[in-house]
Every structure is written in structure tokens, then in C-alpha cells.
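Just the one chain here, the form predicted on its own, laid out as C-alpha cells.
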Amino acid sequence: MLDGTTAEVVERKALRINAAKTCQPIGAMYAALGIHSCMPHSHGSQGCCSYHRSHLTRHFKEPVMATTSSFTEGASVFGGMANLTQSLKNIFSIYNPEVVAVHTTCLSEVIGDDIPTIVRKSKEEGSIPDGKVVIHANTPSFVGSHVYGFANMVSGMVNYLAEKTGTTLNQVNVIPGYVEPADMREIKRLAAAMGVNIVMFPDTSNVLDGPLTGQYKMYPEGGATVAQIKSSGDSIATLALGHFASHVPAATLESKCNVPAAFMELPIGVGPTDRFVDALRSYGGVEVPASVDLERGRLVDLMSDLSQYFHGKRVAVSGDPDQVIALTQLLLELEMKPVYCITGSPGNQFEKRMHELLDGPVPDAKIKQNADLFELHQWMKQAPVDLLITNTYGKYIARVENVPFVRFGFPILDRAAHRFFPTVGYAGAINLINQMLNAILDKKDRECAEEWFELVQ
């Protein structure tokens, strides 16, 4: 498919080829699914909602429910107030969610629909029953990326739901960032192992990785409840994991309810996980238990045992900015060389932080925000790498360049079980290391001379 990609790079300002991101509403819809008994609602055309649902469904291999305002030409000209008002009435009468989370699309943003006013009017007219909640986030597709949409919807949760009663509760908020259900489950497991009470929102564990029971539930058992999100205003502190996905919601909660925010990176690898565990220990007023120390020890032992396979290997990484920043630290801990690191999302913090990490150990690394996979492929043609780590769209590059490939991030459309295996925490790093080593050794077995086809590696 990409055999025609050239090694010569021509600077492009108005064109993206194989963009390394998708649009804001997908992130907003994913975040909304992390609220218990919530119906995500797309304020725009049917096509937008269908695309966003199908993309999430293909990644998680689970049915993703969402509703739409079903814009037609009339709504495009006269505004979507009538559509949204009627939609809310239908949603509550037919599907009966506890929460409707409205996110905008390109069309509703361009015509300038005032969502808070429409929601307030719907409440006054009785389209929203007593005891039910409607929240919203502005998520124009023509700016930002799915990560920004996620952050905007989580900020909407804070703006509409978080409350401060004046009584500090013995709990710590965790905003997990744009990660898999398994990652959210792993964060909760680590906190429970340490004896720290947390309120995590959003929380898609048991929503998009739930069991097959033989009975369909539109609203699975998982997700952060409205009561939990409301109580976040009385928590001891908020741990915001990831600058792009979590820092703005945490800052919003700090401003609204005076809950101190600790801004951290995703806990991928030893160092970032150490910092997350230490923050839980500090705010929770607990000691790190021996069980967590053992997990860390097993990870460090594995890294030591396998150093011969990873040392000096050149790696290309692409994905969401928070994930690339954290993953790069794991690669450095393995003494690998992340020589190409890109994200499709805009935001100068990515390049700033990546230069802090790489200017010393990998001074010739190429780092770029708002980039695309076409340019990454061109770099790889100029100077090959030993490993490519990115989402499913990287498979075409890996095939053409015959480079070991690890699927990581969003979306992963051609594999099924990724949502069950964490990449955060000490256990998640073990999972990632296993995938990387298998990819590298599989290529060696396929191509080595007969005398080097070894039974024991």
C-alpha cells in the first residue's frame, strides 16, 4: 500500500497524509462511556455519530451505544435547538439513562449552537426528567484531536457534577487519561493493594471489557457513578495522569472546589510508576506494601535479564502525546534508542518534554507534534529502525519496511484482546516488554541463517 513513499521529505503545512490522530468527538464519546448509566449524545449529523460509534466498536470489540441529534439541511441553517430538545425527550423516555453527555461536532460548532441554553430550556420544558442529568462538552473536530475531546468531556463532568460540601473525604481522585479499560482496572488494583480509596473518572472498566452473561445491558455495571463524581469536590487531592488528557480537568476541579492537583505522567515503566505509587502513598497516608514492591522487583529483574536483546535498538514511536512521553521513558530504561517520536495531536508541551527526555541519551532523535505517519515512514526510509511501536495504522509501514511491529495506543483494529492487558503500572510494563521482545525475536527467527536458528534465545 505504501510502496510509493519516498525518502525525500518535503515540508507540508496544509496537508496530512495518514494522520496520527482522530477527531475530538471520539474522545468525548469514550470519556462519556466511563460514567455509569450514561448515554453519549452526538449533537450533529447521523454520519458523525455512526463513524465514532463504529471506530470505538472496532477497537474495543464491544457494542458502543450513542444517540444523535440527526441534523438535516434545516438544522444546518436554522440551528439544532429543536433537534436536541426532541432528542433529550426521546432519550430519557426510551432509554432512561441517568446521564446524557452531549458533545458537539463540526456542524453544530460552525453554526454556533449554545448547548447550555438549550439544556436549560429543555429542563424548563420538562424534556429532562427530575433527577436526571445532562452534561456537555464543546468538541469541534477541526481542531485538537481525540485526546482533547476526552479532556473536554472530563472537564464537563467536573463543571456539571463536582461539588464541595466542606467535609474532606478520605479519598483521592484519579483522572486516568486516555487509556484502555485494562489500564483503568490496573490503576484501581494498585490503589486497592496500597489501601488508598480513590474516585476515578472516567472509568471504562467493566463497561468496554465486561463479561458475557447471556443478558444484554445497555448500561453495564462499570463506570464512575454520578455520586462518586460529585464527591470528587471533597477529596484530598487529584492525581492527573497525562498532561494532554487529564491536566485541564484536574485544574478545573482545583479551581472550582479547591482540591489540590498533582500533575503527573502516565505510569508506564519504572520511573513514572514509582512516582504514581509515591503520590498514592503520600496523599493516602499509607506505606507501600510488600506486594507492590515485589511487582516492581519482578519488572526490574525482567529488564535486567533481557537487556542484551534491547540495548541500543533503534525505535520509532507514534501515538497519543501522553502515551508516547511515558513509553519513551520505558524505552530509555531498557537502554533502547527512541530515534523517531511523533504525535498527531498539537501542543508544544509534547516537543518540550520529549527534548528534555531525549536530548541527552539520543541527541539525534527526531521529535514532532502535529505530525503524520507518512513523514514517520519517510524518516524510517532514510535511516531504518529495529522496532516500530504505534497503533494499527503502522502495520502498512511495518510490512513495507519489514520491521518488527508492536501495536500500542488507539486505535487497534486488527487485534482483539488488547483491552484486557494493561500497559500502565509495573504489570503493564512487563506486558509491553514481552510484546517488544517477541516481535524482535520473531523477525530474527524468520530471517536468520540456518546455523543461527536457535532453540534457546
Partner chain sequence: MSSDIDILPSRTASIAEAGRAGGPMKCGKVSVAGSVSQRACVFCGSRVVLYPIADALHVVHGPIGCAAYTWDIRGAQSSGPQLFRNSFSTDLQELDVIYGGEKKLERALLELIAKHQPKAAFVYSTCIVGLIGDDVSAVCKRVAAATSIPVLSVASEGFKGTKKDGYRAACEALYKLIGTGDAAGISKHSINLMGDFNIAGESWVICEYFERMGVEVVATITGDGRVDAIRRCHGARLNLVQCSGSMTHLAKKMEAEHGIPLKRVSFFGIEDMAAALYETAKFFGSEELMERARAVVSEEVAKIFPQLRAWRADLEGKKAAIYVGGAFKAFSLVRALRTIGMTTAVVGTQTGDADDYNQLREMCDPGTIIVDDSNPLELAKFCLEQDIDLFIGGVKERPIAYKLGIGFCDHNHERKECLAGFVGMLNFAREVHATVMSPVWNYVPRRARRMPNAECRTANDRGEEAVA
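Positions refer to the first chain, counted from 1. All figures in this text were calculated on a predicted structure; none of them were measured in a lab.
The discussion below concerns the form predicted together with the partner chain, not included here.
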(message) For the partner chain, considered in the predicted complex: do all three of C23, G47 and Y396 come within 4.5 Å of it, counting heavy atoms only?
(response) yes
Residue within 4.5 Å of the partner chain in the predicted complex by heavy atom, from Y340, F244, F71, F310, is F71
For the partner chain in the predicted complex, the stretch among 244 to 252, 319 to 327, 136 to 144, 284 to 292 with residues bearing a heavy atom within 4.5 Å is 136 to 144
Report yes if any heavy atom of F421 sits within 4.5 Å of a heavy atom of the partner chain in the predicted complex; otherwise report no. no
- Query: Can you check whether T390 is within 4.5 Å of the partner chain in the predicted complex, heavy atom basis?
  - Reply: no
May I ask you to state whether N18 is within 4.5 Å of the partner chain in the predicted complex, using heavy atom distances?
yes
In the predicted complex, does L373 come within 4.5 Å of the partner chain, counting heavy atoms only? yes
Taking the partner chain in the predicted complex and a 4.5 Å non-hydrogen atom cutoff, the residues of 54 to 73 making contact are S54, H55, T57, R58, K61, E62, P63, M65, A66, T67, T68, S69, S70, F71, T72, E73
